[in-house]
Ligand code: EPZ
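Only one chain comes next, encoded as structure tokens, the form predicted on its own.
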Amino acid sequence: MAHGTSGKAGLARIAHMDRIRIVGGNELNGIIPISGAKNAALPLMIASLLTSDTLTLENVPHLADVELLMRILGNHGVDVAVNGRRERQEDGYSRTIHFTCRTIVDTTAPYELVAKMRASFWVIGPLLAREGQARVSLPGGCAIGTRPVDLFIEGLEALGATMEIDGGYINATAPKGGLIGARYVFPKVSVGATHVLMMAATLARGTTVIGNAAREPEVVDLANCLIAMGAKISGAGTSTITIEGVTSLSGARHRVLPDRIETGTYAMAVAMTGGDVTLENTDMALLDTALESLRRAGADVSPTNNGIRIMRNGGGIKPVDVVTDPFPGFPTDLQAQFMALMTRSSGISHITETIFENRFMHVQELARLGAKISLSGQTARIEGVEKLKGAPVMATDLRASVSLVIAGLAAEGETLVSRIYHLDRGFERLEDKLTRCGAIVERISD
């Protein structure tokens, strides 16, 4: 039986037995509304720990990771109120959620929660800033490399915190009187560590300067929200962010920015299948580099009043080489999707992954569909093939899972993607959005 995932019951049922069935060969034509960004929503939600007032977030996506973080924040004392299960708004489906943390009731983030989602580790910054202490489990999350927490530890130590690892937990303590502003230069760019240090510094005494900061739009979105809450932040979006500490933050109302990874994913799906799709409620400036790579591959990309139009009619897919890099470079979170597109190109392309190790686990699954891909270190060589053929495949992580969907949309016959609980973590109403544009996609529960 096929069914959707609307409502909380759908997300509670992230059954490992669920699969997605795709019958390939159809062009995509129509309109796809882009949801709020998961990678922006998560740190924005965590920022609610910094104030005793209410933080209201609009355009929050309905995803498994968001639901899990709501539970984790509740564990710390955040009251979460959702305006309707799904508010039907002009911009498609989105939710407004109110987060109120009058008192932090627990400064411990236990292993059983943090292990389920890496981003929940980020509570360490606000807890330390507001309460002067935090005990947070070392994180789990996606199996795409070690992603060490040393940058978080060093950054918070620069603000005067004492950080000790004990029994799989980090015990963090601020000096008496609170964290102290300082200058810290990240040895490598880290979005998560930039989020954490920026949040912690908002309540520190004095001025903090973060060097080699992440420049991603999600960092800018968090900074804008914190500024609305009363923080004094300048330089977000550049490699140097300056934060002048304040004694307290207030509530605010903030709209989560569009999901650039979802935007790029659907753009690549259209380039793969052919057709003409308008992606609504998004912005080309969020992913210039990826869209330019799509243009080079043969897709027409143009701005609309509130989004992007993607077309590919007639012409084939041209091979394009890409290297993943921090923003404004090509996003690592679109690497697997672009690789799926390149499997049908008219020549040989190369994709080099510079951000995470172990992020080529989708290669062997794409090969099951007939792709010709060879690996040498952190570079994949993709030899385009005339056609892909449907087969049973297995998702290995969030972005890899949607690359298999993209490949399945262009493959002959039926593709069955299993372990799709990964998809539910990051793509809202995927089957619904694709089906409305002519794809044959359905969720199957055995």
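Residue positions are given as counts along the sequence shown, with the first one as 1. Treat the numbers as computed from the prediction; the structure is a model and nothing was measured.
Below, we turn to the form predicted together with this ligand, even though it does not appear here.
Quiz item: Counting only non-hydrogen atoms and a 4.5 angstroms cut-off, does R312 reach this ligand in the model of the complex?
Solution: R312: no contact with this ligand in the model of the complex.
Quiz item: Counting only non-hydrogen atoms and a 4.5 angstroms cut-off, does R215 reach this ligand in the model of the complex?
Solution: Taking the distances in the model of the complex, the answer for R215 is no, it never comes within 4.5 Å of this ligand.
Self-check item: Non-hydrogen atom contact K38 with this ligand in the model of the complex at 4.5 angstroms
Solution: Although this ligand is absent here, K38 would touch it in the model of the complex, with heavy atoms inside 4.5 Å.
Exercise. Determine whether any heavy atom of G307 comes within 4.5 Å of a heavy atom of this ligand in the model of the complex, and answer yes or no.
Key: Judged by the heavy-atom cut-off of 4.5 Å, G307 is well away from this ligand in the model of the complex.
Quiz item: For the chain shown here without its partner, which stretch in 396-404, 382-390, 50-58, 411-419 has non-hydrogen atoms within 4.5 angstroms of this ligand in the model of the complex?
Solution: Going through the listed ranges, the match is 396-404.
Quiz prompt | Listed residue that, although this ligand is not shown, lies within 4.5 Å of it in the model of the complex (heavy atoms), from E164, E131, D150, D321 | solution = After the contact test, the surviving option is D150.
Exercise. Find the only residue in G370, G192, G251, G178 having a heavy atom within 4.5 Å of this ligand in the model of the complex.
Key: Contact check passes for G192.
Self-check item: Heavy atom contacts to this ligand in the model of the complex at 4.5 Å, residues of 301-336 in sequence order
Solution: Going through 301-336 in order - heavy atoms within 4.5 Å of this ligand in the model of the complex - the hits are T332, D333.
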